[in-house]
Structure formats: C-alpha cells, structure tokens
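The data below hold one chain only, encoded as structure tokens and taken in the form predicted alone.
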C-alpha cells in the first residue's frame, strides 16, 4: 500500500501555516490555484518534526502545489501527484536505462525508490549512462543513483542496494512496491525478475534495447509477459543486442523515458502497455508502434 500523509501533520491547517508564502496563479476561466516554494515546505517540515515528502503530500491534499511539481499540473491532478509521492518503485539495474529512469521518477516525485545493482561504472558507460561521470568511474552505480536523487529532489528517499538481484533477495526487494522496473541487460535476469514480480503481485515494466531500437512492455498478473515476447525459455547470456548493435546515446534516454512513463501510469491506475501489448521504438526512422502479442 502507498505511504500516506505523516500523522504529525494531522489537524495542521496547511494553508494557514504557509500564509504569506503562497503564490496565486490565475488561469483563464477561473482555474486558479496556489503554489509554494520548497524553502517554505522545508520550514514547515522542521516545525512539525516530519519530512519534506509528507509536507508535500499534505499540501497537495489541500490543493496547494509544491513549486517544483507545479509544471506537472494539467497532466496530473493534485491527488495523482500526492499518490506518486506516497508510492514505492523498485528499479533493477542502474545503467543506461536505470540511470534515465531514476532521474525521471525522482523529478516526477515518486516518493520512494529502491535501486538494485551490483555493478560499478566503467569508461564505456560514459556515452549513454546518465549517472556516469569521469569522476565516478569505478564507483557503485546505486550509490551514484542515491547521490543524484538527493541533488535532484530531496523529498524522494532512495534505498541503494549495492548487490545483484537474485531469486533470494527479490521477494524482500519487491515487498510493498507499486511497480518494478526491469532495467537489466540479459534475459535470464529479466525472467527471474518477472517471476518474482508475479509472485509478489507487483506490476512489472520491461524495457530492452540495442542499437537504435527498443521495446517497452508492462506485464500485469494475467499477461503473457516475456514468454510471449521472447519465448518460454530465457536465452543464456552471451553477446546480446548491445554487443552486436552497439548502444548509442539517444536510445536508453528515449526508452528509459517511455519506461518511466509506463511506471507512472501503472502507479496511477491509468491505461498502460499491459494486456499483452508492447511498444517498439526505432529511432533510425524514427517510429513508435504498439503491437499485440500473438
């Protein structure tokens, strides 16, 4: 279940507490609203001995938009934005796809992210992995992810799991999650994550890429999933699409954005690429097409 507003804020008149710090935005047709800067939210969090995320949720429940999230208004309601802040997502893999996904979900305001990866950055990651810097070569990818999120959005809490996902640790990692994102690079690991997500009844968002192409698919409990896309048995890791086709810079950024968007839609209960459908992206054309399995 998604996290709710901190009990310490129960009974607090949010608008009164922020009086003098609210900014009114007038819109044609009377669609006006209030927003508030993060400095005021941080002050209220300190005064109520709670955290920034809980204060943001309380503001949204009162119809007040944190200024950093104000541009989401229109595409998302205040209630939906509060739901994102109260939600948890598991990201398995913090490389090209995972780095893009982590950054986007943090900026979107998904409140708790668990990032699992046992790898470190190497020089060949610099062309496409958003979390990789020259000064981070040899460092843990998940620790870089936690640092990046802290610099982007301090309201988002990151649990950095500096180990590989296994059949043994996935049940605990999936507990309490609203969605799991597959940012892995080989089919055996993907099938393992899908199986664990099904067992935990957690929706699973798959993405894969090679060269200038990629796939995104959401797997809901009754969906055929990876078996419908790749066949019933995972192929042992060897030289996959990345080794044969390369991995140019735009592909993980585009596919990661599409995958993160799917995760947000799953959390909010909006229509997604579930039901045995998947999106195929070809950036050489460019094109995006949605197909049905079978």
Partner chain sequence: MAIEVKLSSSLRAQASGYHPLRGLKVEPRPELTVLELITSLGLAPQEVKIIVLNGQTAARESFIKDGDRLGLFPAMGGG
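Here the structure is a predicted model, which is why all the values come from computation and not from measurement. Residue numbers count along the first chain shown, from 1.
In what follows, reference is made to the form predicted together with the partner chain, a form of this protein that is not presented.
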| query | finding |
| --- | --- |
| In the predicted bound form, residue 190 touching the partner chain (heavy atom, 4.5 Å) | yes |
| Close approach of residue 230 to the partner chain in the predicted bound form, 4.5 Å, heavy atom | yes |
| 4.5 Å heavy atom contact, residue 166 and the partner chain in the predicted bound form | no |
| is_contact(residue 288, the partner chain) in the predicted bound form, heavy atom dist at most 4.5 Å | no |
| The partner chain: the contacting residue among 80, 223, 185, 194 in the predicted bound form [heavy atom, 4.5 Å] | 185 |
| Contact residue in the predicted bound form, chosen from 245, 62, 257, 42 - any heavy atom within 4.5 Å of the partner chain | 245 |
| Option from 96 to 104, 170 to 178, 116 to 124, 195 to 203 whose residues, in the predicted bound form, bring a heavy atom within 4.5 Å of the partner chain | 96 to 104 |
| Within 4.5 Å of the partner chain in the predicted bound form: residues from 272 to 292 (heavy atom criterion) | 278, 280, 282, 284, 285, 289, 291, 292 |
